[in-house]
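First comes one chain, alone, set out as structure tokens in the form predicted alone.
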Amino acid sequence: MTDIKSKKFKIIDILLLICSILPIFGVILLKILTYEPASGVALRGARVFFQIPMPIQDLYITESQLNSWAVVISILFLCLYFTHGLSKDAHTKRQLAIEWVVEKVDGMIDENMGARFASFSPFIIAMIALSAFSSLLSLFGLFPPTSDLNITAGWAILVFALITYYKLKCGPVNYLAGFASPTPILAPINFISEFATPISFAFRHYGNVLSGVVISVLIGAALQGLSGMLLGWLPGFLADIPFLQIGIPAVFSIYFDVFSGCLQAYIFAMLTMMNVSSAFDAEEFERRKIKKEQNKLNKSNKKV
């Protein structure tokens, strides 16, 4: 019976890993089948596969959207894999690894946001994973969704909604009064800075990832030209092989694709935590809470 359970457990593990790989394999296959060769250096945005007619504006299904969904589905099955067979006493390496990640994120939230925001852990982990995996798609020759302003703008709007929500928890009057702080003269500037937050969020993440992609393409093109210039004297087909493109772009990719992508995911999460926590006035919230409880108590005393 134990052997049957063990085999069943391993089969489920293998299926979950396969399901986490299939979406990425699918978008790679789609790119191969729809590949359009270009001469010279080609810097393109996300390709539009098809559009759906809509009343106000047509809905375009782009490469960045499909790649984003592939990342989301892959992360979902990876989460199912890492949480498969969890127990109170950690006895597997995967459980130890995932517990370490959760503890680190919990520590980040406690340090930057406080114990009140402890429930933010799943959101922050999901944000880091989605951003990092989206940027790492460039390692497979795919279009990274984080280099599409539409994707990062959507994330920025979500974070901006959270910031506004926590500001409004202290009341709409307190929220509007914040525009006149520290002096009413600065109200126009404060109003502009309020809506500049999501813009800066979107452009910072998008710009840093896109610049890495552009630089990687330019380095690859430059190495190809340099290889032809220095090694063009080789006989026959050897002269057409870009030897300098072998290995060297991979070294730059370690920074532009791996390090920079993961760093931008971390920065985006840190800025989210800092902006959300700073938007919430804990003292004012507690004061309003005590005042409401006192008013309820006074009303109940009057009825008695």
Partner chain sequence: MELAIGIILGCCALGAGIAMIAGIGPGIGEGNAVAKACEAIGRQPESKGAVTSTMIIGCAVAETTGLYALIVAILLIFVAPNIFVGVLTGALAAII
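Positions refer to the first chain, counted from 1. No experiment lies behind these values; they were computed from the predicted model shown.
The next section is about a form of this same protein that is not shown, the form predicted in complex with the partner chain.
G207 is the sole member of P122, P188, G207, G114 with a non-hydrogen atom within 4.5 Å of the partner chain in the predicted complex. Scanning F203, F160, F82, Y166 against the partner chain in the predicted complex with a 4.5 Å heavy atom cut-off leaves one residue, F203. For the three marked residues, V214, L271 and M274, a heavy atom of each sits within 4.5 Å of the partner chain in the predicted complex. Of the candidate stretches 98 to 106, 195 to 203, 132 to 140, 166 to 174, only 195 to 203 has residues whose heavy atoms lie within 4.5 Å of the partner chain in the predicted complex. The closest heavy atom approach of V48 to the partner chain in the predicted complex falls outside 4.5 Å. Contact annotation for Y35: none of its heavy atoms lies within 4.5 Å of the partner chain in the predicted complex. The partner chain is not shown here, but in the predicted complex it comes within 4.5 Å of a heavy atom of L263. The partner chain in the predicted complex comes within 4.5 Å of a heavy atom belonging to I267.
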